[in-house]
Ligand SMILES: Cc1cc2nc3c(=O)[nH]c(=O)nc-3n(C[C@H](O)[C@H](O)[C@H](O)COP(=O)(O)O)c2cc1C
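Before any questions on binding or motion, here is one chain by itself as structure tokens, the form predicted alone.
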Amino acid sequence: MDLQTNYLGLNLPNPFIVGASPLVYDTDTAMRLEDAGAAAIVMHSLFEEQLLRGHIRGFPDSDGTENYLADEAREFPLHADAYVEHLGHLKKRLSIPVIASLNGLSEGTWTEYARLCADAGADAIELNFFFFPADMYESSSEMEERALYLIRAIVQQTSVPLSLKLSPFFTSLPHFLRHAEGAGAQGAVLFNRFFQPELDPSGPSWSPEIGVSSPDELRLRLNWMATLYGRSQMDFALSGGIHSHLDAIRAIMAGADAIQVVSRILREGPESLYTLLADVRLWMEANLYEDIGQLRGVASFLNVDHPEAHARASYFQLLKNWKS
């Protein structure tokens, strides 16, 4: 059973990558993930606020005043320099690729730390584009151009592959990806999960809520993956909603080159990745698939002449068949 895949120029024994998460804080846990079959791991994100060494804005207190976190170490397990050092340590202990993750949107010292991560042995860099469009005077095109500028700057400073972890909230995601590819990005991850704060009406006050993903989140990702498959030279990874082997099979059928898993592992432990891989192999054998390449893109919209019309027809059919 051949599960080999290629992602960002990396030849991987299978498509399962451990996505950015606290799972890599501990080297022993990272080694357990490798033993369980992880093809690669993504470091937890190094945040722009850490690079700028400024205060990190928190949520408003009940009286409306802002909280500021004066000591960034209270919120982040590794400051910027320690992040690079830990990356190098993981590279020495693991035989699988290690992908650095940078989270932000302004240039600042991004290019410097992208280079330092590459020098420390990062096999690729994942730019986690976490931006919130709250400025009424900045257009979507201006925001996207800032992202493209950052891509170009990092590509010029490093020689390792660059991938983009994106949200689905683009006016035209395919258009942006075409320009991102032209700027030098080699891959994209669909999609980032935004941890939305919870409003407590008794305060009232806001507090961050962190939760694991749900299989229900997979549908949005599958539709975009099927839409983008074959229309770009970029590699695509699916992230969010992978909890079973059937979820993984669906992702590959939609066109994913790689699959990032986090929530299942957080819930069930690193060894659950071994079970996930075994179940995929069993399913492929039962359905007479010998190569993962036979699965990739078979359910994509590549051969659909008008994907938009197809999507609207599917929506109409859903409403037509709805039973209350």
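Quantities reported herein were computed from a predicted structural model and do not represent experimental measurements. In this text, residue numbers run from 1 along the sequence as written.
Another form, the form predicted in complex with the ligand, is not on view; read the next lines as being about it.
Would you check, heavy atoms only and a 4.5 Å threshold, whether residue 33 touches the ligand in the predicted complex?
No - in the predicted complex, heavy atoms of residue 33 and the ligand never come within 4.5 Å of each other.
Considering only heavy atoms, tell me if residue 44 and the ligand come within 4.5 Å of each other in the predicted complex.
Residue 44: contacts the ligand in the predicted complex.
Might residue 240 be said to contact the ligand in the predicted complex, defining contact as any heavy atom within 4.5 Å?
Heavy-atom contact with the ligand at 4.5 Å: present for residue 240.
Is the gap between residue 19 and the ligand in the predicted complex 4.5 Å or less for some heavy atom pair?
Flag for residue 19 set to yes.
Could you spot which one of 227, 163, 213, 158 gets a heavy atom to within 4.5 Å of the ligand in the predicted complex?
Contact residue from the list: 213.
Could you check which residue among 236, 113, 191, 176 gets a heavy atom within 4.5 Å of the ligand in the predicted complex?
None of the others qualify; the residue that does is 191.
Among the candidate stretches 259 to 267, 276 to 284, 292 to 300, 33 to 41, which one is within 4.5 Å of the ligand in the predicted complex when only heavy atoms are counted?
That would be stretch 259 to 267.
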